[in-house]
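Just the one chain here, the form predicted alone, laid out as structure tokens.
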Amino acid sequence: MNEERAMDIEACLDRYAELIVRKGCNVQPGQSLYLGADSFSCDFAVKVAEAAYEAGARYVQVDLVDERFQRARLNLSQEKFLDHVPRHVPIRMDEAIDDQGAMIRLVGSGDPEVLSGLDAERSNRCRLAHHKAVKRFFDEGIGRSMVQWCVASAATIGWAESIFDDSRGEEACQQLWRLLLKIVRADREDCLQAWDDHSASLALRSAALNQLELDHILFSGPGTDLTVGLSPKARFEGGSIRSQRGNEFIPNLPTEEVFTTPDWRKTQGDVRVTRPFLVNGTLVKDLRMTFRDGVLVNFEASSGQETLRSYVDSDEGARRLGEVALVGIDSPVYQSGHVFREILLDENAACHIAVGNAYKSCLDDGVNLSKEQLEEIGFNASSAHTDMMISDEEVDVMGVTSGGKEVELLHGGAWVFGK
């Protein structure tokens, strides 16, 4: 790579860090920021911290992680200690809520395969214990937007080598950076304005879908004949959301989806998952699923099947639907031609569903509904939530209104509604 190209990437990385801080998380003067990153992406995490201080952050609390430590625990810890969660973990999450702070997570593992092949039951023990310990954060910090948050990606050599067959080492990492920067529009000098425009377009698409008053959505294609039912309270969301402080932020960079909360009881049919995805560090490939009366009753995969089985059996809601999202193949993630093995990217390449926990924010006045009211409209609660991509050029998506009118939404994976 020549020096001029390296300088271009460096400028784009500075722009990307500013995008994450000012548009993604929208860090405010005097606000505390909690920044988590893989230790292999430490250099870019420093750029994000610098951008946060330039935005006026009071303090940037940095957590660098390395999943090799988690692998050591899952392999070697005594069984009786797998449920242990240090007291500082929920305390820190509670502090973020009480201070109405901001949180950024940079994803992109230094070794995407590091957690593969581990005992699925032990992995679930740790996951469930952590979820229980920080449940308030999920309910209030995320569910009620008490915390501004943003999840973005950062390239590492290990991640890059898992994607590209023709490059290794730093060359592969730079190749991945160029790809990521293009996907998040940080290769453009008008990056921040481009994201304002993109977020507004997703909001307009969500509003147009909400005006249809859809009763259910039909996905059809090779191996797919799936009905996803919606309650009358379901509302599509996309782009930015507003925190309790009144600040707009974009939770995911990139984001190409409009999504809502289904009535889990109305999920019926068969579906083919079109891209592999990770569950507890294990890659699930060639997955086909069958839903009956809202429950995942059967599935098979060429790899990762038993890990997925343990995951969906971890609690009652893990076999029920918690999200349905629409994404067109004009998405820059899809157009890249790559499978990233990182759900932040891959979920923004195609329409997807998620088994597990649903979003109250996608229901009219959802955050104020009681547990009984939520159950009455088919809201699913679970400690699990994992996205599965279900569209490509061969999949059509049809919406059916409460009055029985059919509206074509996507044809051959591409948006036709609103065009």
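All values derive from a computational prediction rather than experimental measurement. For every residue, the number given is its place in the sequence shown, counted from 1.
There is also a form predicted in complex with another copy of the chain; it is not shown, and the following applies to it.
Among 41-49, 350-358, 377-385, 364-372, mark the stretch whose residues have heavy atoms within 4.5 Å of another copy of the chain in the predicted complex. It is 41-49 that comes within 4.5 Å of the partner.
Taking another copy of the chain in the predicted complex as the reference, which of 297, 208, 200, 72 has a non-hydrogen atom within 4.5 Å? So the residue touching another copy of the chain in the predicted complex, by this definition, is 72.
Does any heavy atom of residue 286 come within 4.5 Å of a heavy atom of another copy of the chain in the predicted complex? Flag for residue 286 set to no.
Quick one: is residue 392 in contact with another copy of the chain in the predicted complex, heavy atoms, 4.5 Å cut-off? Result no; residue 392 lies far from another copy of the chain in the predicted complex.
Consider residue 168 of the chain shown here, and say whether it contacts another copy of the chain in the predicted complex, taking contact as heavy atoms within 4.5 Å. Contact with another copy of the chain, no.
With the partner left out here, check for me: in the predicted complex, does some heavy atom of residue 292 sit within 4.5 Å of another copy of the chain? Flag for residue 292 set to no.
Taking another copy of the chain as it sits in the predicted complex, which residues of 86-105 have a non-hydrogen atom within 4.5 Å of it? Please list them. Result: 86, 87, 88, 91, 92, 95, 98.
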